[in-house]
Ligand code: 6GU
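This document starts with one chain, in the form predicted alone, laid out as structure tokens.
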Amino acid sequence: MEIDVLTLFPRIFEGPLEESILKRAQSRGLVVVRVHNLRDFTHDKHRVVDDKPYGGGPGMLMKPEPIFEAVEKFRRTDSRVVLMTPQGSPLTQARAEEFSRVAHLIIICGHYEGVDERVRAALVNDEVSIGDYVLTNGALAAAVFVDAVVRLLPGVLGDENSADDDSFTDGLLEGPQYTRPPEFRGLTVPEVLLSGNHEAIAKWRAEWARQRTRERRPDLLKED
């Protein structure tokens, strides 16, 4: 997979891309992530990327010209252009899996009051939101998006079955997990997990996953 990120704040990606799973995925050639400064696609002395919205209103809008130029430079026949915006459809595990099967992603990071509507109309294939709240800029959301997608690429995780047990993979939250020691400060590991009975363990985990989902995210349950 290849990913081109278009942002006004490239340095925001330095930490996420240089640590942990994302770093290893890049070093192993499983993903190529390139971060581009949208100001590099301006042609005026002051590298202006924003302007006041027509019709008035607070804040500034990202101008279309730099975004169009950048997307048109990097777009290929197998590209999908994603705009990070609170107006987008929610990022779910299912959507992350869908994006993980795309050969080339171009991610536009919104800022200020958003982007000129012509960017959405002419360039964007998908609009994505990571939650019902507003961030200072879309680069932070894009870093989350990249992590959620890249970790699902074949070979990225150390254990190929790790993603299968993640929360939301089967529509439920993941249940409780324990590791050594079996007793810590009077708190013990459930006996079933120590039993070696894989059928009983699977049943226990399924029951707890459903219970935890019912308590914390009942909206995820199709029926109860």
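Treat the numbers as computed from the prediction; the structure is a model and nothing was measured. One-based numbering along the sequence shown.
The same protein also has a form predicted together with the ligand, omitted here; what follows describes it.
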Residue 134 near the ligand in the predicted bound form, any heavy atom under 4.5 Å?
-> yes
Residue 123: touches the ligand in the predicted bound form, heavy atom cutoff 4.5 angstroms = no
Is there a heavy atom of residue 141 lying 4.5 Å or less from a heavy atom of the ligand in the predicted bound form?
-> yes
Proximity of residue 130 to the ligand in the predicted bound form, heavy atoms at 4.5 Å = yes
Could you tell me which of 97-105, 83-91, 69-77, 147-155 sits within 4.5 Å of the ligand in the predicted bound form, going by non-hydrogen atoms?
-> 83-91
